[in-house]
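The chain that follows stands alone, in the form predicted alone, written as structure tokens.
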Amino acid sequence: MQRLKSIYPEYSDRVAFYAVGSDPTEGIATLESYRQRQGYPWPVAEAVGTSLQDLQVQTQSTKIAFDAQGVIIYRDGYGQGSEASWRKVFQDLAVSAKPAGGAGY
């Protein structure tokens, strides 16, 4: 998450990024408090229904990126993801977010 802290702001106008809590005992207030203490620039959210199970999230800090069509383009686990790999993921997401013809965002 620390690597993302410096990379995400470059793409925040083109890529939606959320940290989703995986602990059912932590509500949105706890997640938001942690986000603020860490200085993370992205919003937090709680998992809904069986979404974690459906996405086969079994460990904390699972990272999943979906493109504009909802296709998973990146998946990794705890402590994984170099700065270069995250830049590539965000670049790919920014490109997939462009409307047809690339006329803007």
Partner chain sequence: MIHIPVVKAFLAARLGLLGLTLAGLALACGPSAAPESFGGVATAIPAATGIPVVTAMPLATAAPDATAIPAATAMPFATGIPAATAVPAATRIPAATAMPATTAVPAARLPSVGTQAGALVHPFTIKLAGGAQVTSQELLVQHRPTFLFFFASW
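Residue numbers count along the first chain shown, from 1. Model, not experiment: these values are computed from the prediction.
Unshown form predicted together with its partner chain; subsequent notes refer to it.
Of the heavy atoms in D23, some are within 4.5 Å of its partner chain in the predicted complex. At a distance threshold of 4.5 angstroms between non-hydrogen atoms, D13 is in contact with its partner chain in the predicted complex. If you take 61 to 77 and check each residue for a heavy atom within 4.5 Å of its partner chain in the predicted complex, you get S61, T62, K63, I64, A65, F66, D67, A68, Q69, G70, V71, I72, I73, Y74, R75, in sequence order.
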